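Just the one chain here, the form predicted alone, laid out as structure tokens.
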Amino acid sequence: MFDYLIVGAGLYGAVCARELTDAGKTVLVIDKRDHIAGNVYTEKVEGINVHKYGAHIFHTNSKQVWEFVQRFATFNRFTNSPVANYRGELYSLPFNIYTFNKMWGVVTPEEAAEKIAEQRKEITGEPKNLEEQAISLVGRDIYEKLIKGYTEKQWGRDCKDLPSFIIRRLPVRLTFDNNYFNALYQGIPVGGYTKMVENMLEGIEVRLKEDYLQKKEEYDRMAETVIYTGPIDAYFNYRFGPLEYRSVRFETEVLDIPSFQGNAAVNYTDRETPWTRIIEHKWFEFGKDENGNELPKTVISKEYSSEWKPGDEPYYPVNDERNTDLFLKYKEEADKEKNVVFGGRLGEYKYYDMDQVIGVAMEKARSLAGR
């Protein structure tokens, strides 16, 4: 008999497992996949740590979270500086003086601010949709080239049909700073995320290819408390209907060249290019292996955003009014469950950055353990 059964070996599950074990509790972790680490899973291909479920760049302002992850991995100094490709024109992201210089030929912050202010005047009154919201923030030119196509591919809908709140704010920097994140701490774990999660789970029993919901009664008998990180609607057998997500499909290729695009992430912002971005995984670790050797090949992943259907991998919760109301019905049921904790992106139907999910898992596990 275990104190805790943790369903899911992703970040939420692994952090809870570590914290509870360190507090003297007995823990069993199960996962229906054939690997640990959930969506941060990385696998070695041609010496390159490939982010199997999309790019994950660790960033946080929390000293507590940063000190926690550093127990299990050494982080490199990777800085996320993506590039936008609009029909062969390359722009620096997030929007900064490099972007404005390429767009309009301006060279000073004052000139850039004047150009944006002039274009923003197009929208008067409260923005009614995403298109109007974006133009009211950064003007028509940037919207047309760097926002419209990318956003429509990501959401599968015209920007005029998307709510304005999706982009309440857009980072506009009147400096040359092209570090995407404002976080104090940032980097990629050397050796990949899988290794980091493996270190987190050291000394803890983990069983893979185990589907909790198919053997629920059997597993429930094995522990005092269940921490469930799977989809909350699946737990209740879709009693009120399925919650919706956006999904992502990846096409990954090994190329027999040392560099494909010279950057970890390039966003394709025109509507006609079918993929939203291309990730070149080797640049997360500066094109070198763990011994500092240059890698002769490269691995790229094209990302295609898609409507989710049951059976697809759920990525981004669609937190619109209908789905939020539906989630609240499931949450009401979840609150009635005895000795079951629902946590993580799927268990709480909530988009989390990695540092956020680690922070809430630490807090939950410590409160469970009475620490």
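Just so it is clear, the model here is predicted, and its values are computed rather than measured. All residue numbers are counted from 1 along the displayed sequence.
The discussion below concerns the form predicted together with a small molecule, not included here.
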- Item | Location of the small molecule contact in the predicted complex, chosen stretch of 192 to 200, 251 to 259, 228 to 236, 160 to 168 [non-hydrogen atom, 4.5 Å] | 160 to 168
- Message: Please tell me whether the candidate spot formed by Asn96, Thr99 and Asn179 is one where all three residues come within 4.5 Å of the small molecule in the predicted complex (heavy atoms).
- Response: no
- From Trp66, Tyr41, Trp308, Tyr316: within 4.5 Å of the small molecule in the predicted complex by heavy atoms is Tyr316
- Query: Pick from Ala112, Ile188, Leu130, Ala264: which residue has any heavy atom within 4.5 angstroms of the small molecule in the predicted complex?
  - Reply: Leu130
- Message: I'd like to know if Thr269 sits close to the small molecule in the predicted complex, meaning any non-hydrogen atom pair within 4.5 angstroms.
- Response: yes
- Is Leu243 one of the residues lying within 4.5 Å of the small molecule in the predicted complex, judged by heavy atom distances? no
- How about Gln154: is it within 4.5 Å of the small molecule in the predicted complex, going by heavy atoms? yes
- Message: At 4.5 Å between heavy atoms, is Tyr86 in contact with the small molecule in the predicted complex?
- Response: no
